[in-house]
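Okay, so here's just one chain, in structure tokens, the form predicted on its own.
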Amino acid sequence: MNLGLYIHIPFCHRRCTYCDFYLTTNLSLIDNFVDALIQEIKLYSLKYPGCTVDTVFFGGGTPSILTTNQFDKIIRSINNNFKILSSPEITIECNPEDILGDTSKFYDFKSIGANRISVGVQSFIDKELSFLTRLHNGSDAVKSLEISVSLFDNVSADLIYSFNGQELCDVKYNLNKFLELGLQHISAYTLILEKGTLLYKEYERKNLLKTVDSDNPQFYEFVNSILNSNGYNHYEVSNYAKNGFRSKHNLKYWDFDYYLGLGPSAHSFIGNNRFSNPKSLKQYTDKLSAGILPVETNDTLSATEHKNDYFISVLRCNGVNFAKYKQLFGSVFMEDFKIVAENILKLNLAVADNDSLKLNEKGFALADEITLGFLQ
């Protein structure tokens, strides 16, 4: 069995107001966390002996908070406990302030195996960064990406767009900066007000929620147009890549492949099971200290849930692969969903050949609505 490893590093210097990921700002807990993580890696290597790994993704939180020695311990543990395939993709998410604060750390990250960097830029405009409560400014964002591009051949960056007060010219400015820097991959997300976040609570307190339109199709089409015309392939609803630079790890989620999530709040998908760790660093470390895997939820998917999850995943990216569909579900896709498939093809929302059915640009913009037509 081949797996992608996702490793959640639950530490940040501070919480951004729009963020709903599990994290803590108590950095004194990092060493204990790393020890627990290494124990989790060992326990899973015993549970899934002989597994191979071809992608490792350090997400968070802010993984770049960790020191070189801490990363080295984790990567050594992965290498010692799993069979790593040749030329694995190893991604580290980082923030501009960490890159600028200690450039030598990123030389070290490369030396211990990291070959892909994903930078949480979000914007190059100071007023937007202030609104998003980021710690860096526009100049820092540029400098951090210049350093990243000089060190790594595969650099991705995040953009957040389509929020109150933003104009198309602001989005164009941000996109042009990305283009000037020559990034290989761009993730572009509309701002979502997630319940429980500080930003949601602030908008709720001011009764502004009904005025927020973070799903403006004009912005989405504008981003698509600029990136597509500059050589970026729109391969997933929110992701764009130069040829050969799609995120191999994230493709596991969207192609319905297996992945193992490590760290507090991390989720996994293996076989027809989805399981997750607690959103609590204490519960996570306590269980591992006792030699117990820190699984909080473990759901065995029914046949219907399995198929629904499949569509939710694949329609966001490469679409339905007919051979894989038959392998998974034992039937022919174009017979099972003949009417739904023919309808979206007639509406020019998808394209199909002998091997697959995939949403096109027009279909990506309506991916959530189209997916509902396949759910049972």
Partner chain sequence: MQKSNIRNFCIIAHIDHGKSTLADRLLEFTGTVESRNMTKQVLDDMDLEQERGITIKLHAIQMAYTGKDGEVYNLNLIDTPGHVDFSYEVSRSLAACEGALLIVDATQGIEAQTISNLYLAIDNGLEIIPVINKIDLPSAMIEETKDQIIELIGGKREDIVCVSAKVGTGTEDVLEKIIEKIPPPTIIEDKPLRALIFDSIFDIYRGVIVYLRVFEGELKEGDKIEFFVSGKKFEAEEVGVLKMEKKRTGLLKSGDVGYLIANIKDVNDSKVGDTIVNTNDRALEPIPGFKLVKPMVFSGIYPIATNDFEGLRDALSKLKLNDSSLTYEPETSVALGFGFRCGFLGLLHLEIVQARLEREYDLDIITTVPNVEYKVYKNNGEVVLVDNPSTMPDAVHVDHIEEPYISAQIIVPVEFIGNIMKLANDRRGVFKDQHYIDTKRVDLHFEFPLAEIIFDFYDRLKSVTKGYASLDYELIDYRKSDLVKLDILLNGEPVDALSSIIHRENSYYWGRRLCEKLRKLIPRQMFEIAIQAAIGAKVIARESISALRKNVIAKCYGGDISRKRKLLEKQKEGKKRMKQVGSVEIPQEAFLAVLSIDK
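What you see is a predicted model; the values in this text were computed from it and never measured. Residue numbers count along the first chain shown, from 1.
FYI, the form predicted together with its partner chain isn't displayed, but the following is about it.
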Want to guess which of 305-313, 64-72, 50-58, 323-331 is within 4.5 Å of its partner chain in the predicted complex, heavy atoms only? 305-313
So which of 281, 301, 251, 147 reaches within 4.5 angstroms of its partner chain in the predicted complex, heavy atom to heavy atom? 301
If the criterion is a non-hydrogen atom within 4.5 angstroms, does every one of 20, 238 and 373 touch its partner chain in the predicted complex? yes
Looking in the predicted complex, any heavy atom of residue 228 within 4.5 Å of its partner chain? no
Given that the partner is absent here, does residue 80 sit within 4.5 Å of its partner chain in the predicted complex, heavy atoms only? no
Report whether the minimum heavy atom distance between residue 107 and its partner chain in the predicted complex is within 4.5 Å. no
Counting only non-hydrogen atoms and a 4.5 angstroms cut-off, does residue 344 reach its partner chain in the predicted complex? yes
At a 4.5 angstroms cut-off on non-hydrogen atoms, which residues of 167-203 are near its partner chain in the predicted complex? List them in order. 189, 190, 192, 194
